[in-house]
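Just the one chain here, the form predicted on its own, laid out as structure tokens.
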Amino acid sequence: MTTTPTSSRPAVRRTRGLQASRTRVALLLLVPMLLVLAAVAGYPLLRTIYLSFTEYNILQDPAPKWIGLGNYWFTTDEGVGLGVLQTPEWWQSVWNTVRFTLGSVLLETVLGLAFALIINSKIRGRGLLRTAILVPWAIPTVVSAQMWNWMYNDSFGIISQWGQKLGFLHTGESFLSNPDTAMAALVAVDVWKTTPFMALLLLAGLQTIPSDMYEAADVDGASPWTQFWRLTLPLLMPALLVALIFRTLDALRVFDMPYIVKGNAPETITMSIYARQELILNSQFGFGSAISVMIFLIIMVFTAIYVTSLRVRFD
């Protein structure tokens, strides 16, 4: 049986006291940030949740009227469903958002990984390439969306002209005006805009992999393909999963680019656009708040499942 020497006990107590003091200082430094966060994020969230249980037209009603779960599920005497979960427009926006998320995130991840591998390799001019690849991401979304909107124009858009000449489109038709290709056109815009972001995150992950591991693999005679699957991809997986979560969350709540390019069109309307339509255009703050709460819950549940199932670590 071992015992702690008497002379070392004061040192242990001093160490614990120092750690406790640092913890208290850290908590005190966090208090201002937590107060600001509660003011700018906590109150609006709680207010939105409250309004989702009320009937409130900001142009007609003097104050919100409590209706419980009526905004989520309500059936009239005639059997007509008026709640969010009963409206086809809501489920159409959910389906459009899921399609947009799956298509854009998949392509951005594959292309971003390819660009990150190229930039991380020892090639001439990689500094210039690293700068050039960030240009689409640096352009404001409003500017890039309007630029692509012009290129998709059915009269003078260069992309629509190519589509008409190649036989993909009829005369006077564009990829945006065709409901079958409108979502793919929006995905293409988002891939062009956001692939550099994925490449930047994955490049940071690649640069944390020690170079001596590749040197050892070369000595063992491993091919570049084998090194990618057995060495690079497993070590890059934590950064890749974090990048996937960040990008997927952005795609699930996307608003600006699809709204600028296509507006409230049923074939491309997303959950955020539908919430804006009810909140701003229809002035239905109660119904629109219920849509916003549903978006929040979907993203929260998705994030929890993503993090726990994939065991992502953010440290």
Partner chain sequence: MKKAFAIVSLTAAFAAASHGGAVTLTFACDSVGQGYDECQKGANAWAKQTGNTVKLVQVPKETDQRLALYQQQLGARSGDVDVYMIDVVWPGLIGQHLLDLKKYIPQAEINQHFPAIVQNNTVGGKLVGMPFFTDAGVLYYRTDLLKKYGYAGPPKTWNELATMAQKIQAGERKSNPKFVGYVFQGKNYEGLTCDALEWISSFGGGTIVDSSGKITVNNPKAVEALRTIQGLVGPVSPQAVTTYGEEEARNVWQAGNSAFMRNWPYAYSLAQDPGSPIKGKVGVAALPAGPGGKPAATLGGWQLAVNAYSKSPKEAASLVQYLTSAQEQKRRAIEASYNPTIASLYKDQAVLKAVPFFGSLYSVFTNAVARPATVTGGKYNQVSDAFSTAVYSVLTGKSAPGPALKGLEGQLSRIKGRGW
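Positions refer to the first chain, counted from 1. It should be emphasised that the depicted structure is a prediction, and the values quoted were computed from it without experimental measurement.
Here the subject shifts to the form predicted together with its partner chain, a form of this protein not shown in this document.
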task = Note which of Leu85, Val80, Ile158, Val110 lies within 4.5 Å of its partner chain in the model of the complex, where distance is taken over heavy atoms; exactly one does.
result = Val80
message = So its partner chain isn't shown here. In the model of the complex, which residue out of Leu27, Ile58, Ala39, Met33 has a non-hydrogen atom within 4.5 Å of it?
response = Ile58
task = Choose from 147-155, 120-128, 220-228, 186-194 the stretch whose residues reach within 4.5 Å of its partner chain in the model of the complex, heavy atoms counted.
result = 147-155
query = If you check in the model of the complex, do Phe74, Ser177 and Asn282 all have a non-hydrogen atom within 4.5 Å of its partner chain?
reply = yes
task = State yes or no: in the model of the complex, is some non-hydrogen atom of Gly68 no more than 4.5 angstroms from a non-hydrogen atom of its partner chain?
result = no
request  = Answer yes if any heavy atom of Asp250 is within 4.5 Å of a heavy atom of its partner chain in the model of the complex; otherwise answer no.
outcome  = no
ask   = With a 4.5 Å heavy atom cut-off, would you call Thr171 a contact of its partner chain in the model of the complex?
value = yes
ask   = Does Phe53 reach its partner chain in the model of the complex, with heavy atoms at most 4.5 Å apart?
value = no
inquiry  = For the stretch 248-276, I need every residue with any heavy atom inside 4.5 Å of its partner chain in the model of the complex, listed N to C.
reply    = Tyr259, Lys262, Asn264, Ala265, Pro266, Glu267, Arg276
